[in-house]
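Starting off, we have a lone chain in the form predicted on its own, written out as structure tokens.
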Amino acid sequence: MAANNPAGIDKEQAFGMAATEMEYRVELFNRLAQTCFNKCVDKRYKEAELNMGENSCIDRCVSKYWQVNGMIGQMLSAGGHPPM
């Protein structure tokens, strides 16, 4: 079975890796949503919909969160050194 896969990973290992990756992505999304919600949404709900300021704040927050996440990923893949 491993002969068909160039990385030498069998199907069970591939499913395990995919499940771990999915768990990581779900946790990342949940942290992002909670962080940006707490930062940007007024705790006293005045309206059913987000207002323009809250929308802008969330857009910036999510953008920065993904940017930092990408930078950390690059640092980890480069052996822990910041990208230049």
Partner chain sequence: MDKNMLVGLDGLPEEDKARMSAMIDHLQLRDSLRMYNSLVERCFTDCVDNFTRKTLQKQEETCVARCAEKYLKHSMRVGLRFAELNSQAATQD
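By rigid core we mean the largest C-alpha set that fits within 1.5 Å across both forms. Remember, predicted model here, so these are calculated numbers, not experimental data. Residue numbers count along the first chain shown, from 1.
There is another form of the same protein, the form predicted in complex with the partner chain; it is not shown, and what comes next is about it.
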Would you please decide whether residue 19 lies within 4.5 angstroms of the partner chain in the predicted complex, comparing each non-hydrogen atom pair? yes
Contact of residue 71 with the partner chain in the predicted complex (heavy atom, 4.5 Å): no
Check residue 62 for me: does it contact the partner chain in the predicted complex (non-hydrogen atoms, 4.5 angstroms)? yes
How about residue 27 - superposed on the rigid core, does its CA move between the shown form and the other one by 2 Å or more? no
